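Heads up, the chain below is alone and in the form predicted on its own; it's given as C-alpha cells.
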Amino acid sequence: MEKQYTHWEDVRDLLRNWREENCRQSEDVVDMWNDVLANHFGKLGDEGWLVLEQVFIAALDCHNMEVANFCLSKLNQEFPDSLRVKRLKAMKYEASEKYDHALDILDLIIKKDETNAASRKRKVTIYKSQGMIIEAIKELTDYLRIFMADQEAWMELCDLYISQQEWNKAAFCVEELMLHSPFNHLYLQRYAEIKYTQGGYENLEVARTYYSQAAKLNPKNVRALYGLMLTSVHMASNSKCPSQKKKESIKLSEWASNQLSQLQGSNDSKLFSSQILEGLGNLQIGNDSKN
C-alpha cells in the first residue's frame, strides 16, 4: 500500500470501507493495527469489536498468532457466550491445523443453531483442506437442504462432484443453478462442458445446444465458442448423426471458428488467449464419445 496512514480515524475509515467492500488486505490490516489502531482501540466505541474481528481474520491469513490471540481474547472477554466468537476460535484451531478441535466447536455451534450457515461452510472448508472430499460433499449436501438458494454452494458442490468424476451429479447441481439464473451464460457454459466431457452422441447434442445458448447470450464468451466448435466437429464425425444435423454441425463449427478468429484479431485478443488456455483444461471428450 503506497499511501501511509498515521491518524487513527483515517485507519478506522479505511478498515470500514474494506469491510463493506469485502476486501481482505490482510497484511495491510495487521500493519495498520500494530502501527496505529492498537494504541487507540478505546476510541473506536462499538465499532472496535468489528475491527477486532477483522484484524483477527487478517492475522490468521498472515499467520500472526500473537495478534490473533490478542484479538480473540478481547472478543471472548466481551462476548463469552457468542456463537460468532466460538466460530472465530474454530478458525484459529483450523489455522493451527488442529482440525479435530475446530470440528468439535463447529458441531457444537450447529447443534445450538442449525441455521448457522457460516459454521457449516467452515466444516466444508476443513474437510476440503484435508482432502476429505466425500465428507465435504456430505456436509455441503446437508447445507443445501437448508439453504437451497445459495448459488455459490451449488457451484462448489458441482466442482466437488467433478473432482470425483461424478458427472451426472455435477450436472444436477448446474441444473439447479440454471433454475435460479436461466440467462447466466456461465452456468449454461458449465453445463455444456459437463455434457461434453461425459461424451456419447446424446450428450454431445445437449452440449451443443447449451454452448450455442451461452454464445448467444455472450458473443465474447470464448470458451463457449470454442466448445461449440469442438462439439459440432465431433457430432459431424459421429456415425449416429443424421445427414441434416451433420450439415447443421458443420455450419455451426464454421461460424464458431469465424467468431473466434474475429475475437482473436480484435482488441480482446488478451481475453481470447486467457479464456482459451483456461477452457482447454475443462474440455475433454469422454471415453464413450465414439458410441
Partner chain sequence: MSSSMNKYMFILGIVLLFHAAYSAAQHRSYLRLTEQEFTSLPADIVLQTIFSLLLAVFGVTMIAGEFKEIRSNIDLQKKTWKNLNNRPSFYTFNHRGHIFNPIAFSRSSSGKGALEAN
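Positions refer to the first chain, counted from 1. Computed from a predicted structure; not experimentally measured.
Although not depicted, the form predicted together with the partner chain is the subject of the following passage.
Within this chain, F183 lines the site of the partner chain in the predicted bound form, having a heavy atom no more than 4.5 Å away. At a distance threshold of 4.5 angstroms between non-hydrogen atoms, Y187 is in contact with the partner chain in the predicted bound form.
At a distance threshold of 4.5 angstroms between non-hydrogen atoms, S163 is out of contact with the partner chain in the predicted bound form. Proximity of K251 to the partner chain in the predicted bound form: non-hydrogen atoms within 4.5 Å are absent; the residue sits far from the partner. With the partner chain omitted here, the record of contacts in the predicted bound form names 84 to 92 of 199 to 207, 165 to 173, 107 to 115, 84 to 92, defined by a heavy atom within 4.5 Å. This chain is drawn without the partner chain; in the predicted bound form, the residue among M155, M178, L103, M132 with a heavy atom within 4.5 Å of it is M155.
With the partner removed from view, the residue among I57, V51, A236, L263 that has a non-hydrogen atom within 4.5 Å of the partner chain in the predicted bound form turns out to be I57. Candidate site formed by A192, K245 and Q259: none of these residues places a non-hydrogen atom within 4.5 angstroms of the partner chain in the predicted bound form. Applying a 4.5 Å heavy atom cutoff to the partner chain in the predicted bound form picks out A95, E97, K98, Y99 from 95 to 112, in order along the sequence.
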